[in-house]
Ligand SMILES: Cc1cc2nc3c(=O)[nH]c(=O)nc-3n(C[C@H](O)[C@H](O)[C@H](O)COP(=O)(O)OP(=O)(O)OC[C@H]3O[C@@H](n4cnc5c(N)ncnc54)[C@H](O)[C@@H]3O)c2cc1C
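What follows is one chain in structure tokens, specifically the form predicted on its own.
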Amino acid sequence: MASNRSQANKNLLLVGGGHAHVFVLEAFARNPEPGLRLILVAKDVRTPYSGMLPGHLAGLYSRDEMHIDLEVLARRSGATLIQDEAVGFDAAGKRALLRSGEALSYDILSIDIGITPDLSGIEGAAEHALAVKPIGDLLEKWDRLVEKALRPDGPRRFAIIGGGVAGICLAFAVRAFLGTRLSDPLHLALIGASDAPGINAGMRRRIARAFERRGIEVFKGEAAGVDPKGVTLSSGERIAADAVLVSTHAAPPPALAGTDWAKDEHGFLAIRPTLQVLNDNSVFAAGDCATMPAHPRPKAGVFAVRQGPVLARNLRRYGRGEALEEHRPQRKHLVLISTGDGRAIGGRGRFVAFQGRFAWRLKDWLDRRFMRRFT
């Protein structure tokens, strides 16, 4: 197909500073694309890397070590950075509507804005619990919670709702950080433990033993309500807690609600293997805000990271008028769960499971290698 490089510049608008867009900026910094004018809209100029969040909460990484500087990346890629937030989209007019009131026109749009917490399914959670995502909002709340916990009369009973990988990592991190800083006992409960996707039987056994050694109590019931004194399960059982964190019940960002773009049954953007929205070729989406009906996968950062290079190539190809490549997310991926003490539990597929200091060194090396690519 003929190249469009000689045509007037097209506006490539990147909305959101998620993992996939970080790859796009890095790719265009290495190899600029004539004919595409990059604009990045991001709520924050520093974006957190989710893979390092448990390590940061456990005290193993500083706040700076787990953040990517979007300002530096935008400058290197030649992108215009606008610190703002999309609150809606005018698909017919090809515009993104920002919280500041500005409307940005685009020829090509890419959306990577993650998810928003949905605590509506747990009575009282919005008032009395701390949502883990989005991470940017969590960190300030976590700082305030730690400040309270370190007081002599601070919270000592913690409950974490969500038994997936995120909840498990969070339980180990809270135990590692507060358990070594408090003189009196710390009580920690993990609620909603289930057979999380990606965790095989060997990993589950190792995680269960690690929980037992660290005194983390596990409840398989579903949380129905949260109040200042704890959590009520759907069975009626009560779990006493002074502080509750929720790492489940994600919803699509409100900015997507008013659009006619194709969505899945939960309201997330439905995309093709090319990462284009099903009913709009000029709109791409990646990360947790999107679902690929042809190859559904859990909401996890590893998939956004793998989408990043494909997204960068397809945005470039779409701008040129070339054929796009298809992305098939992997079915098996390496899962590494830090236990917060210089060790980790790892696994892949149905049968591979391992743990120990080597597993932590592997996770640390992979995460630091990822960060070095963008810093």
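Start at 1 with the first residue shown and count on from there. Not measured: the values here are computed from a predicted model.
Form predicted together with the ligand: not shown, discussed below.
The candidate spot formed by 17, 53 and 288 lies fully in contact with the ligand in the model of the complex, as each residue has a heavy atom within 4.5 Å of it.
Out of the listed residues 277, 300, 250, 96, 300 is the one that sits within 4.5 Å of the ligand in the model of the complex by at least one heavy atom.
Between the options 166, 270, 74, 226, the residue in contact with the ligand in the model of the complex by a heavy atom within 4.5 angstroms is 166. Of the stretches 144-152, 236-244, 292-300, 209-217, only 292-300 has residues with a heavy atom within 4.5 Å of the ligand in the model of the complex.
Not displayed here, the ligand is kept clear of residue 313 by more than 4.5 Å at the level of heavy atoms in the model of the complex. In the model of the complex, at least one heavy atom of residue 43 sits within 4.5 Å of the ligand. Taking non-hydrogen atoms only, residue 107 never approaches the ligand to within 4.5 angstroms in the model of the complex. Within this chain, residue 133 lines the site of the ligand in the model of the complex, having a heavy atom no more than 4.5 Å away. Interface residues of 73-95, taken as those with a heavy atom within 4.5 Å of the ligand in the model of the complex (partner not displayed): 84, 85, 86, in sequence order.
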